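Okay, so here's just one chain, in structure tokens, the form predicted on its own.
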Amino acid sequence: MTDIVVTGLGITSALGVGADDNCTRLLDGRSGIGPMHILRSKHTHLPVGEVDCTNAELREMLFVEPDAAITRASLIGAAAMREALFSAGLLYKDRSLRVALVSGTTVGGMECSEQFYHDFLFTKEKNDYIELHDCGSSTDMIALAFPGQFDMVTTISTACSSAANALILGYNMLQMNRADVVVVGGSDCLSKFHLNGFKSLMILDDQPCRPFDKNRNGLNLGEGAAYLVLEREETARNRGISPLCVFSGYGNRCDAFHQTATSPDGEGAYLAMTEALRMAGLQPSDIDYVNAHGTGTINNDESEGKALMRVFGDKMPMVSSTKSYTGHTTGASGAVEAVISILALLHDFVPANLNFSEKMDSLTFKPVSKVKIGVELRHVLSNSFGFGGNDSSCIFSKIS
């Protein structure tokens, strides 16, 4: 086993376009969740975390033709991808490297296909968008924004753990020498279909979400994208690139308790976190900060909180959910929160768990309610849990 390092990252979220904007908002404790203004839905009372750019603005930013068929998820993803490639010194293809892309998503292109469904039934004017409906097409469109960059492109869709599982697949591809560099992450935009789907589950809050709060009442949906550039440490050194951090361990388990709910005792989450620790060669006491899945739903926060207590006991590290900043970016959340975790690691701060006021009766700990600056972090753990109990945990460590 060789060290797998992160050499580049990019992020687009409700906090802004780019790592610097996102980091500034995290440090300032300013959420990106607010009134809906881009998604066209009758449920305008529901707060969401929207990327503050129209599709036209994203097209102009990325030099995409106004009439080119491309979805919002792909536009958001391409913006994050460009930053990741640039920061890793890979914006222009090095022909000596085998570069792969593994991207996670749940929405894919449905934001367009739901708009043009009736056109598809009665005319052929919007058929190009209908063909972009499936998850793989959104990844293909992101790759096409960087011609010749990728030797392999694939998509993972495991609900809200999609992007975290993209990281895991990328890690294993590098260990097996199937690629020299793997760009991993995910992208999802808001759509009426998945907004209404979550509403039908009665887990959307009509106020800003309050993860791990006794009076929590559901999640706020968000949109966003993030990508990390992974490579073997030797490859990075040979390219003259200084690694940002080490991707030191991961865990993935599926408790299969329920189609949408997590198990009451957090069995899958517990197993994912303990596997990640074992793989990284760390003890629970080595973890300085946990970026929790923390959706703000009654079920998740109870289940994840109990899993954290099982793993860490009375030596709980600092814990917060940054979904109170970005909203729940579904298939992209594992990458969005991995990038946020790495920003915290690099700049020695812990983001606040915004809107927290009262501890849950069933938990022994409280999340970090105010931004902590100047806190030395060595190892951070990021949790991403998906429907069906597909639970993934990733650990990032400072370069020693």
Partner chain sequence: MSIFIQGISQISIQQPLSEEWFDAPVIPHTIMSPSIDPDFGKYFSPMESRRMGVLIKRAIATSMDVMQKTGLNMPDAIIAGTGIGCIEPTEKFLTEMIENDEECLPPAAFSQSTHNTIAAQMALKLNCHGYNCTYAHRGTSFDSALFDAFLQFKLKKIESALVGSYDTMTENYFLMLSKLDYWKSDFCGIQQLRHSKSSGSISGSCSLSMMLSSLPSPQAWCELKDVEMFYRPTILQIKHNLNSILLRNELMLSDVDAVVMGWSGDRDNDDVYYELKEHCFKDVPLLWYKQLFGESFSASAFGTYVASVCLREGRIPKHLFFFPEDFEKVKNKPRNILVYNHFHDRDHSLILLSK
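Numbering follows the first chain given and starts at 1. Quantities reported herein were computed from a predicted structural model and do not represent experimental measurements.
Beyond what is shown, the protein has a form predicted together with the partner chain; the following relates to that form.
Participant: According to a 4.5 angstroms non-hydrogen atom cut-off, is M318 in contact with the partner chain in the model of the complex?
Facilitator: So M318 does not count as contacting the partner chain.
Participant: Q283 near the partner chain in the model of the complex, any heavy atom under 4.5 Å?
Facilitator: Contact check for Q283: no, nothing within 4.5 Å of the partner chain in the model of the complex.
Participant: I'd like to check something about E234: if you look in the model of the complex, is any of its heavy atoms closer than or equal to 4.5 Å to a heavy atom of the partner chain?
Facilitator: Output for E234 is no: heavy atoms all beyond 4.5 Å of the partner chain.
Participant: Does E125 make contact with the partner chain in the model of the complex, using a 4.5 Å heavy atom cut-off?
Facilitator: It does: once the partner chain is placed as it appears in the model of the complex, E125 has a heavy atom within 4.5 Å of it.
Participant: Does the trio R216, S333 and R378 actually contact the partner chain in the model of the complex, every residue with a heavy atom within 4.5 Å?
Facilitator: No: no residue has a heavy atom within 4.5 Å of the partner.
Participant: The partner chain isn't shown here, but in the model of the complex which of V246, M309, I241, L144 has a heavy atom within 4.5 Å of it?
Facilitator: By the 4.5 Å heavy-atom cutoff, the listed residue in contact is L144.
Participant: Name the residue from H347, K359, K372, H43 that puts a heavy atom within 4.5 Å of the partner chain in the model of the complex.
Facilitator: Here the answer is residue option H43.
Participant: In the model of the complex, which of 166 to 174, 67 to 75, 83 to 91, 285 to 293 comes within 4.5 Å of the partner chain (heavy atoms)?
Facilitator: So the stretch in question is 166 to 174.
Participant: Hey, which residues along 104 to 137 are within 4.5 angstroms of the partner chain in the model of the complex, non-hydrogen atoms only?
Facilitator: Stretch hits, in order: T106, M110, E114, Y117, D119, F120, L121, F122, T123, K124, E125, K126, I130, E131, H133, D134, C135, G136, S137.
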